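Next up: just one chain, as structure tokens, the form predicted alone.
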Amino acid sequence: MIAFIEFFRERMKMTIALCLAAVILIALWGAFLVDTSHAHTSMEKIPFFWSAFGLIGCALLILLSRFLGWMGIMTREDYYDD
């Protein structure tokens, strides 16, 4: 498993290109090949809606977790040494 990770770490440009290609393919599939005739809301008929929704949701989760960390979840390293 470590050799597998090192393979991609040594080829970072290829790894980034593969990830971007996968994201683009998934977004295009979601925009053009998913049947929207049974959509529950009008928003679901907008191309790339679910891709954008997922991206914004992930970004908000990251920002919320960082905010909660700054609010007190994170503490100094020697907290339990007292």
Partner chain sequence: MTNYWLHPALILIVGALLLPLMRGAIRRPYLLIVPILTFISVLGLDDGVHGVVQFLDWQLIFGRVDNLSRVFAYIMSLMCIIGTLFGLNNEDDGHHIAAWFYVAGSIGTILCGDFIVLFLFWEMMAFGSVFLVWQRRGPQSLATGYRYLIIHTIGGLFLLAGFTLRYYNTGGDLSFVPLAVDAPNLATYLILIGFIVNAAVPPFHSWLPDAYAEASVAGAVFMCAFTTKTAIYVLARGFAGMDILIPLGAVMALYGVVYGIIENDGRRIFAWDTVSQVGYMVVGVGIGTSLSINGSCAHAFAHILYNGLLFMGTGSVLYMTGTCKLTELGGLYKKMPITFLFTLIGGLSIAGFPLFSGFVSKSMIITGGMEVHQYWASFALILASGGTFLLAVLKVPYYTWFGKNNCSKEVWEKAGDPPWNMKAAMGIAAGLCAFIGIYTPYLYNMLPFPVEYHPYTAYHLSETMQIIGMAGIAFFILRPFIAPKATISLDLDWFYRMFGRGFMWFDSRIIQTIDSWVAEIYRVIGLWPLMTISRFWSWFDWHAIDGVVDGTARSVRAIGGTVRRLQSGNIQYSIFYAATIAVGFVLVIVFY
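Definition used throughout: the rigid core is the maximal C-alpha set that superposes within 1.5 Å between two forms. Numbering follows the first chain given and starts at 1. This is a predicted model, so every value here is computed, not measured.
Same protein, other form: the form predicted in complex with the partner chain, not shown, and the subject of what follows.
Quiz item: Would Leu61 count as a contact of the partner chain in the model of the complex, using a 4.5 angstroms cut-off between non-hydrogen atoms?
Solution: Answer yes; at least one heavy atom of Leu61 falls within 4.5 Å of the partner chain in the model of the complex.
Self-check item: Residue contact check: Met14 to the partner chain in the model of the complex, 4.5 Å heavy atom
Solution: Met14: no contact with the partner chain in the model of the complex.
Quiz item: Is Leu18 close enough to the partner chain in the model of the complex to count, meaning some heavy atom within 4.5 Å?
Solution: Leu18: no contact with the partner chain in the model of the complex.
Exercise. Taking the partner chain as it sits in the model of the complex, which residues of 1-27 have a non-hydrogen atom within 4.5 Å of it? Please list them.
Key: The stretch 1-27, when checked against the partner chain in the model of the complex, contributes Met1, Ile2, Ile5, Glu6, Arg9, Ile16, Leu20, Val23, Ile26, Ala27 at the 4.5 Å heavy-atom cut-off.
Quiz item: On a core-based superposition, does Ala39 travel 2 Å or more at its Cα between this form and the one not shown?
Solution: Shift at Ala39: 2 Å or more after core fit.
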